[in-house]
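One protein chain, two forms: both are listed below as structure tokens, the first as structure 1 and the second as structure 2.
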Structure 1
């Protein structure tokens, strides 16, 4: 067996140009496949991370039936026992409490329905960077009795910092909630729906205003590793009994999941087309190598070499060429992908405008993880191995006399 391996290795370097051409076809195939998949998965990871940091978190905890009914009657109280167990779960980096409801907000003769969100200012800022979205006035602090409203809503009501708005709505157990509150700041969201409807109070003040002391509508959870999502979600479900709902980002944002699934299906189709092109390239190279060696094969068979042994040698040659192309392609692609992961490609024009409309930064990020390399490498190797059947079948049908005549 070692004799055939040595013979195959030496055969490769008898014609260096031919070997390098064959290895180059595999080399570029691996790089193209890795770059394409890295762009796809990188953008999906970016969309998910940006979406959960925009508001929902990777996991949310609600009172039972709150997500379906969105009523303060389904809000919850978290005791210290639950919170202490939650803090001990490995991988949780942030737990952001919120009190959310809807109410009428008015100024003068202008009135609109808006979402009132009671927040812990410091924790909320860690999740959503809300302070960076401030365009006027001051952000809330723990003792603030003012309100921060979105820019679009401020324009509808024709108010600014220092003006007061009236909030009128229904609190916990149907109690009337009404107050005149000064505007302390204005924030701007890129998504129009958020920019025309969101307002923020401090958590304690919102609970007092809506007669719901210590009650929360949601607890948003951030984790340090998205791959640990299922484990952390399972542990949270073990802590919080049937009086609570534990939902991950896929349940909270089904539209985003569907968008990723559709785009991923399109990406797989494009990757399939790329693999077809790659397969023809590799197969054409192997056909060229075989056609150049017809006379050589005829001489070897004529002097007594068995066809199956000659086929085995050509198989080893294809293996060596494939591994050479795959190995160098993977090694060269690593610094390229790491560079683009650290320096995402900025987007411009209509594509940038479309991404901004979704509230995301207009960039094309890349992802780098071991599984991506293995998947693409084994796929290209499989294509090369299938292509290696051609010289074996060719040798099997080869007639030495005809081969010697050229």
Structure 2
């Protein structure tokens, strides 16, 4: 072991209590910061997951310009060649096709605008758990010629299972689409916007009705690990170039991104305050360790110790105090965070209502990413480095004669 490291390490323990207090302040702050980050990140992950399962998936593939124009003219045909390539991408768990359009829906003298979604019932169910939301009648199967409509819409139209509704709209290339369709099921959404507008047909039936055989408006992709999103997205972009657009959930749900950003900013401010506390703990200790050793420094420089070597010893001291706190804090945090990842905290109040409105369980799972730990370590390292400048600059200015006279 280098003598300078040995010297720094022993110097640290000249005042055990003070060193322990400084290290402990870092220790607790790091644990607190990690819990905060883990909770926030976990909440965002959960919200994102809830949101993508609501409808969009993590990634959607559209015909070029579809997202902007939302017109059937920008719908797409996915050939086998593309789909086979898609299947080879690692990490994709689902690829759910949809044919989505708007049309008039009426019963008796009541008419509304509805979203018509043509779905592959099994695949759709895997993504959005639609079957569970059925409150009346039957869910669609592949050969179904009926329509499933949202409960709020049914209420407005004053219809139930067994009644028929008339769909009247415009199909592909402006061809009129009109049909009378029996209601085979009612589905209930917790979000009012969906509950008042959504209807489902089978994919084939919708394509036939809107004169768009084989055509899709979107393919929603689910992945098993959100951290792989960027990789999968860029692989998809390679396959679906020119005639298509590939969008991730951030582009599909900008409101969600924004609300996360706002919340995250608050979290960062809290972290900032925490780090100021850490910084004072470290800096105060380092300042005291410097002030009480002026004579000693003077002697060491007098006998021929170069100033940078002495500065190095004080740098080690600073790093030791800081890392003592940050490493123990990070290590102790791991089991705590993993526990709450496995056993999410049940939510109440406003937060719970927000999640319930999305139709998901109000819980707060913690997220644990290595990056969170590195962020702590880097931040404390940066604080330590800045604090370490104090003794180094102090030593630089130190004149041995003055230091010796005290």
Partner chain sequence: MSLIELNQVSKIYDETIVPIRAVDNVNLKIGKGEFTSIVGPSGSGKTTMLNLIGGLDQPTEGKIIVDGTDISTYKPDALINFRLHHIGFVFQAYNLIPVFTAKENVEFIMLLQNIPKSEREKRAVEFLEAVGLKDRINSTPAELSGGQQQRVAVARALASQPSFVLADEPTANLDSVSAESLLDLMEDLNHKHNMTFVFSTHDQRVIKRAHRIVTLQDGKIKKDEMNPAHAKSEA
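By rigid core we mean the largest C-alpha set that fits within 1.5 Å across both forms. In this text the structure is predicted, and so the values were computed from the model without any measurement. Residue numbers count along the first chain shown, from 1.
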Q) Among the two displayed forms of the chain, which is the form predicted on its own? A) 1
(Q) For a quick test of reading the superposition: does residue 377 move by 2 Å or more at the CA between structures 1 and 2, rigid core aligned? (A) yes
(Q) Aligned on the rigid core, do the two forms place the Cα of residue 28 2 Å or more apart, comparing between structures 1 and 2? (A) yes
Q. On a core-based superposition, does residue 287 travel 2 Å or more at its Cα between structures 1 and 2?
A. yes
**Q.** Displacement in Å of the C-alpha of residue 396 between structures 1 and 2, rigid core kept as reference
**A.** 11.7
